[in-house]
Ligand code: HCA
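One chain follows as structure tokens, the form predicted alone.
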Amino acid sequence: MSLCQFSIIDSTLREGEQFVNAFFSTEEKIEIAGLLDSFGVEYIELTSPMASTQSERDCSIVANLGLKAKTLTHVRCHPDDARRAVATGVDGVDVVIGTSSQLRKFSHGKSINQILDLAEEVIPYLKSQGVEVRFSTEDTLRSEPEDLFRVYELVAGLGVNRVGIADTVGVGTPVQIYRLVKALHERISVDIEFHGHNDSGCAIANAYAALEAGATHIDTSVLGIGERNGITPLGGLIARLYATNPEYVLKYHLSGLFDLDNRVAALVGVDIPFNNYITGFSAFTHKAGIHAKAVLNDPSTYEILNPEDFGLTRYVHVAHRLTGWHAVRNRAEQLGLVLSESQVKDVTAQIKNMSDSRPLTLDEVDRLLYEMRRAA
């Protein structure tokens, strides 16, 4: 059910601000929020107004842009934080507190009973203000299950809209996430959000497992930027869901991913990885001869994602020694050149011979094709 009906909470303007290179001006936050809204994410999460004076101003500005997406801010489980959050005009407040022994000892210093007392103070206040409320444990995967369920059952009884599971240090596996979400889904009747860090490379798989187990909301950021190695990347989650069934993500403006990834990459001073989901420069590039032939006959033979659905195109690379004559013929056709099969095979042999000793460029391949046409 959740795979068919879920919401994305994009946290580029909250978790993403915690990325080492990130510094978003107010104007840049407005721009990113607009791109996310155009893409169609259901929620945009903003840095806590308690972080700084400018963070509070920016939270209020974005919250009052009139976006289609709901705006959220992420705060500690404390009455002062809750009041400041409501004052910004956001649609919802994401309350969080650490429940693992490490965070209880070295972060806020509170016992589980004290956490429950805080929840009983903060949640009724937020409910009285008419905002959407999420209560999340932090470092969920390293917390004791009995502690977790005590907290979740209490906050569910207090009327939160959803509870959150946070793999704060990226230690979880898909099986662990599935079992935890499933167990929680069987105990309480509120929505479940998953926030997964990517320290061990499982963020996308864990998010997908959470949805399979009944989670209703997934946290993402553009390019996955965030604390340390970041969280579930928006494009990666979209790619995973599309690969299962394109209908799961057709509610989003998929061609907007390219602009989102490129703009955020520029703002934080990083290159988009060559193998990035959907928008990496080699994502839809085919090189080996046997691959190229099949893709030219039917792209689905080697593509689980259709580039056209993302406003992109595939590229068949021909300037190398692995090329095949079908790919070279396709390049000739792109150039409007009519060559016989034997001529194409002759050019292919030349390409292979030349590229055995040095890299070739596409211009050199094109020159060989034009020379063959003139010689005919």
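Numbering starts at 1 and follows the sequence shown. The model shown is predicted, which means the values in this text are computed figures rather than measured ones.
Heads up, the form predicted together with the named molecule isn't pictured, but that's what we're talking about next.
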Identify whether the named molecule in the model of the complex is within 4.5 Å of every residue in the set 7, 133 and 162, based on non-hydrogen atoms. no
Check residue 15 for me: does it contact the named molecule in the model of the complex (non-hydrogen atoms, 4.5 angstroms)? yes
So in the model of the complex, does any heavy atom of residue 286 sit within 4.5 Å of the named molecule? no
So in the model of the complex, does any heavy atom of residue 261 sit within 4.5 Å of the named molecule? no
Is residue 96 close to the named molecule in the model of the complex, meaning a heavy atom pair under 4.5 Å apart or at it? yes
Using a 4.5 Å cut on heavy atoms, which of 221, 88, 143, 168 is close to the named molecule in the model of the complex? 168
Of 263 to 271, 194 to 202, 111 to 119, 289 to 297, the segment with heavy atoms within 4.5 Å of the named molecule in the model of the complex is residues 194 to 202
